[in-house]
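Below you will find one chain, with nothing else, as structure tokens; this is the form predicted alone, and questions on how it binds or moves follow later.
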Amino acid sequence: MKRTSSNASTAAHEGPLFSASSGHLKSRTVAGGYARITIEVDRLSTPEPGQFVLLRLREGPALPRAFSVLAAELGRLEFLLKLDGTLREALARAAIGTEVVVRGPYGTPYESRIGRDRRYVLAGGGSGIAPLLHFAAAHPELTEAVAFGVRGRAVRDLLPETALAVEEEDGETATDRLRKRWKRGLGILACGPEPMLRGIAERYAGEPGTYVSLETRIGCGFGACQGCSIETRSGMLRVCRDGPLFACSEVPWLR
């Protein structure tokens, strides 16, 4: 497994640690319990695939929450949100133009954690599809195939350019599609609900190049509060600073 280099460590902390940038809700589409939103923001380094930002509404009671980035270009960020929390629901209701506070980017880019000696099948479930689509767009040379799955056909309306397995319609999940697309010699990058990641870790943990992107409650975003610490074979590591991507071999508790 390729360990994080000093350059990757630096990349994980580019941008302001404490200061925040002002952004505005530019567009939003809601379907099937998810929302695809675009935020225009000034003075923010463009996140690399696998990095995340902390968002909150300028006006409102919700604390900042961490969100993976679906797509990024200078001055514009796009997200795929599952509407299952106070802030997510507020973003789904807020008027276009509402001010949003953005801090980051944080986390280590996926590319800095993986080996470049193989190509990868990207396995994503629900909102975990977002960072994998970002990775696929930035690194087609490392992407062999995608295996994405959701519950609810309406989500297809949010990602019309993406092939999705809808469990209720197709009788397939992301892990079903992964089994069809993966073969020895390929790696795996997986992001999604923990039960999905546990299933992948159990089936493919012995295979080299198998990585999982972990989701957890993020506090500060840069490792100071240690609220996102997890147990690994190397000791306690922080999802926000050392991850979010980890080799399956690093996190045996997933199996």
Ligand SMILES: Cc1cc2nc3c(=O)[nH]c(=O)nc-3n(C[C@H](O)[C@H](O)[C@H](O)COP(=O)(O)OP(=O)(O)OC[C@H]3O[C@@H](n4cnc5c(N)ncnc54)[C@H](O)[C@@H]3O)c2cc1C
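All values reported here derive from a predicted model rather than from experimental measurement. For every residue, the number given is its place in the sequence shown, counted from 1.
The discussion below concerns the form predicted together with this ligand, not included here.
- At a distance of at most 4.5 angstroms from this ligand in the predicted bound form, none of the three residues Leu122, Glu141 and Trp182 contributes a non-hydrogen atom.
- This chain is displayed without this ligand, yet in the predicted bound form the stretch 79 to 87 from 142 to 150, 170 to 178, 156 to 164, 79 to 87 comes within 4.5 Å of it by heavy atoms.
- Looking at Arg65, you'd find a heavy atom of it within 4.5 angstroms of this ligand in the predicted bound form.
- Contact between Arg217 and this ligand in the predicted bound form is found at the 4.5 Å heavy atom cutoff.
- This ligand in the predicted bound form is approached by Phe52, whose closest heavy atom lies within 4.5 angstroms of it.
- When contacts are judged by a 4.5 Å heavy atom cut-off, Ser127 counts as touching this ligand in the predicted bound form.
- Shown here without this ligand, the chain has only Pro244 in 229 to 255 lying with a heavy atom within 4.5 Å of that partner in the predicted bound form.
- In the predicted bound form, the Cα positions of Gly192 and Pro61 lie at least 3 Å nearer to each other than in the form displayed.
- Relative to this form, in the predicted bound form the C-alpha atoms of Ile218 and Pro61 approach one another by 3 angstroms or more.
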